[in-house]
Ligand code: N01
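Before any questions on binding or motion, here is one chain by itself as structure tokens, the form predicted on its own.
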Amino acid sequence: MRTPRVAIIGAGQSGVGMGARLRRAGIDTFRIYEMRAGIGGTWHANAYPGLFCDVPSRSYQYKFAPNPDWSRLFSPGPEIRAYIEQVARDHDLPRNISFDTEVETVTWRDTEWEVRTTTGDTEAFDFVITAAGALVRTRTPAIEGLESFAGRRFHSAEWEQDAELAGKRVAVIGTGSTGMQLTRAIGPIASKFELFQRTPQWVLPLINIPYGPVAKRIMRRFPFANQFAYRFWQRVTEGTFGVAVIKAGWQRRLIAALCRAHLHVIRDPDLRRRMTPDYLPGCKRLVMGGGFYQQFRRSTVSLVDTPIDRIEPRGIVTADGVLHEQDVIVMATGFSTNRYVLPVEFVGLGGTRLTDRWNPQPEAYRTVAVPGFPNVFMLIGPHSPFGNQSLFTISETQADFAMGWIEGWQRGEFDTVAPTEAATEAFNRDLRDALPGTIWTTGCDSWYIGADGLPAMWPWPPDRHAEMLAQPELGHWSMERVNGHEQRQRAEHVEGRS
């Protein structure tokens, strides 16, 4: 059995899951590169007040590490981060993580990958796993005068923890899930709170029930209870949201009815009109949670839907010439979601660059690999079903698939493997053909839409992803033997004997 050297880019939820998968397989020769100072990925970066996950806790976890102590049906952000950190400690991953280390280039050198960091350090690997996620690179709109603002200004994913908000004039720009959560958290304490809206969002009400001590004791004492809860909430999520987004039916009608009925929580007819979207519920990512509309009953909380013209030292000037004076401006403007592992530059066979390959938009073979880049596997890669399935489920499916290839390499079945061009083109052609029936193509402008005008999403039922990756179709892959690998293995064997 050969010993693989594995590089993992990212110590978030998927990177930690992959590291734990390697450790459980008895492989210790891996390095996780993390550009931040801690573990957790998006749950480390996002530390704003009021942060919650809108996927049920029981299914938003690793199957191999059930957590019996979730506090609520939908978990607060710090709790998810603590859970991922605990799983990393349980599998002794911190000693394999290089923190504050950003990968700059990954270059194919004859028989192996050379990983170079921004500090100039290099190391060679047999496999590279990208686990950078989709919500990494923050996006800030180009607003005139943004830098001139005299108060505190920051992105929601770059929260300044020493920022005082109580009794302050606070503006939040953006009305996605983050904007909703910030409104609930800051609206009650700010002297003046203004939510700047470009496009109204559909809000699906959720009741976030707490888990009491009895439920936690049952989960700790009976492992099958954890397994049942995981499967139950997975089926609920995938059987409702997972179906509603890909085809018309009772699921889509139910979600739309709930969103429309929830609008009547807004008592002011004019405000209700301004907060009613002109597209179907689900076309953009749904905002989920309760208590949002109620904040606008406060005299100190208001919605601003006049476009922003510019920002001055004192605050935000809208297109009608009104100056909205502020002490703090929070940019809840999301992420560049179509970047994935970029801006890390991969240089594959024949000098092919991933940036060129992904111009104008990212594509992959069945979400996990790209032709011309041997022994590279992607977690939460292009077209992964993150619009209708838990990210934990997705990344574990992809990690198991990558692990199957790594184990084949250990047995000496091949040295390099990559999907063929024909198989990759066929998959993406089928994917594009299936997209028109989805909710994402019904007429809205969202971060789901790619450069070709089609949503960069998974258009099939969630379980089809696991079926596609259950076993590799060998005819879709190009496998080769490389003499350099055999020479390196012989050298390692001799060195071990000496």
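Residue indices: 1-based, along the sequence shown. Bear in mind that the values here come from a model prediction, so they are computed numbers and not experimental data.
One more form of this protein should be noted, the form predicted in complex with this ligand, which is absent from this view; the next part is about it.
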property: is_contact(Trp460, this ligand) in the predicted complex, heavy atom dist at most 4.5 Å; result: no
property: Heavy atom of Pro419 within 4.5 Å of this ligand in the predicted complex; result: no
property: In the predicted complex, Arg353 touching this ligand (heavy atom, 4.5 Å); result: no
property: Contact test in the predicted complex: Lys284 vs this ligand, heavy atoms, 4.5 Å; result: yes
property: Interface segment, criterion being heavy atoms within 4.5 Å of this ligand in the predicted complex, picked from 326-334, 217-225, 406-414, 238-246; result: 326-334
property: Sole residue of Val170, Val128, Ile173, Val368 within 4.5 Å of this ligand in the predicted complex, by heavy atom; result: Ile173
property: Selected contact from Thr397, Asn338, Gln201, Asn375, since only one has a non-hydrogen atom within 4.5 angstroms of this ligand in the predicted complex; result: Gln201
property: Complete contact of Phe30, Gly38 and Gln86 with this ligand in the predicted complex (any heavy atom, 4.5 Å); result: no
property: In the predicted complex, residues of 117-142 near this ligand [heavy atom within 4.5 Å]; result: Leu135, Arg139, Pro141
